[in-house]
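Shown below, as structure tokens, is a lone chain in the form predicted alone; questions about how it binds or moves come after it.
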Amino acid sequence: MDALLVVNAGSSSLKFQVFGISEAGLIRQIKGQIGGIGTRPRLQAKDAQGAVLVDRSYDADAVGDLPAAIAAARDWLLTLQGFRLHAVGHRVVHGGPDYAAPVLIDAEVLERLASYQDLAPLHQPNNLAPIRQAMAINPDVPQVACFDTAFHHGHPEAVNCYAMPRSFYDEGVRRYGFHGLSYEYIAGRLREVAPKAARGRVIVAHLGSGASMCALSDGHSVETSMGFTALDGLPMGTRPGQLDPGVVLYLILQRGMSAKAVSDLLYHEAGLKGLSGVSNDMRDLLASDDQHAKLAIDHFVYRCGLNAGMLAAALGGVDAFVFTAGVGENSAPIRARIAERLAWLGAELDPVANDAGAMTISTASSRIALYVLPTDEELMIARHTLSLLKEPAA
């Protein structure tokens, strides 16, 4: 069977999925990851029925970085029988001002994507590493980049620009938005399960270790909480979210911090981790009695409510609100607290449905519908990859 491999590489984990290609479409065959890279590396994979295919731990020095994790995953994938690799689809966080759609990767494209590394230092280098290795090992297998920024292309310039001299906008300093693959999937999924809501004004909250929100009008992005980089908007696991630029100036000019030290702080030591001093994981914070953990949760919920108000203004009202990603899909307490913040918009939570993890968690009398929809970025990548390769040559 011809198969597509989807790769989603991060700093501490490498996620991958294998999709079979049939006349009926894409069929998910394998879902796996190597987590704990450099600390407690562990390769896990299951088949489409959930049966465990591999569960293997490694010494930290054996899989100490992303290239080693890629090699370990590749070694295991090569043991599989019955698959002919048709192409590899990659999640790439930043497509810059140039890429508004998935693209077939060659050396020129790879060089241009590398030039955006400073815009997404936590993600872009890791996204590109498996592409380089795959191109070196299997140069004849097509590699396709799918961008988290692409879904937000097309916003009016007045939405995307900053109030700075025009030259900065022309060189790419503008609002891009991220988590686009997730929002694109949710927009399509909502059309299937709630078509009337999908045609209206929807706020989607992608709440995970990385978190953002997006305003959709008839399934199209009109505004989002993230901007030039993935630091903006909501507080995240280790990133602060919206921050007065004067704070950065203070850190450099008054505290004498180097640019690298500020970057490390904002990408790795801030957010829920920095504010709580306990953890960057919402599950740990909810289980903690520490007052700083409570403060971090309060801040997160408050900022989610605040950003919902901003996006409601961009839409001119709200018809539905969707929770997705790790926290949004799995944390009933956080959903309940955010829903309280949406009461002024007419949201009314059904606590029984919420605790049960139902798809619809609003009451029948709620003026806006509240949904919980699992996202599937990897399936979105597979769809884009297959679609691009089926396009006739220009």
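The first residue of the shown sequence is 1; numbering continues from there. These numbers come from a predicted model, not from an experiment.
There is another form of this protein, the form predicted together with a small molecule, and it is not shown here; the text below is about that form.
Contact residue in the predicted bound form, chosen from I30, V327, L66, L342 - any heavy atom within 4.5 Å of the small molecule: Answer to the contact question: V327.
Go through G227, G172, G305, G208 and name the one with a heavy atom inside 4.5 Å of the small molecule in the predicted bound form. The option sitting close enough to the partner is G208.
Any chance R255 has a heavy atom within 4.5 Å of the small molecule in the predicted bound form? Heavy-atom contact with the small molecule at 4.5 Å: absent for R255.
R84: touches the small molecule in the predicted bound form, heavy atom cutoff 4.5 angstroms: R84: no, not in contact with the small molecule in the predicted bound form.
May I ask you to check whether I105 falls inside a 4.5 Å heavy atom distance of the small molecule in the predicted bound form? Looking in the predicted bound form, residue contacts with the small molecule do not include I105, since no heavy atom lies within 4.5 Å.
Using a 4.5 Å heavy atom cut-off, state whether R283 contacts the small molecule in the predicted bound form. Yes, R283 is a contact residue.
Can you check 106 to 114, 192 to 200, 312 to 320, 283 to 291 and let me know which stretch has heavy atoms within 4.5 Å of the small molecule in the predicted bound form? Within 4.5 Å of the partner lies stretch 283 to 291.
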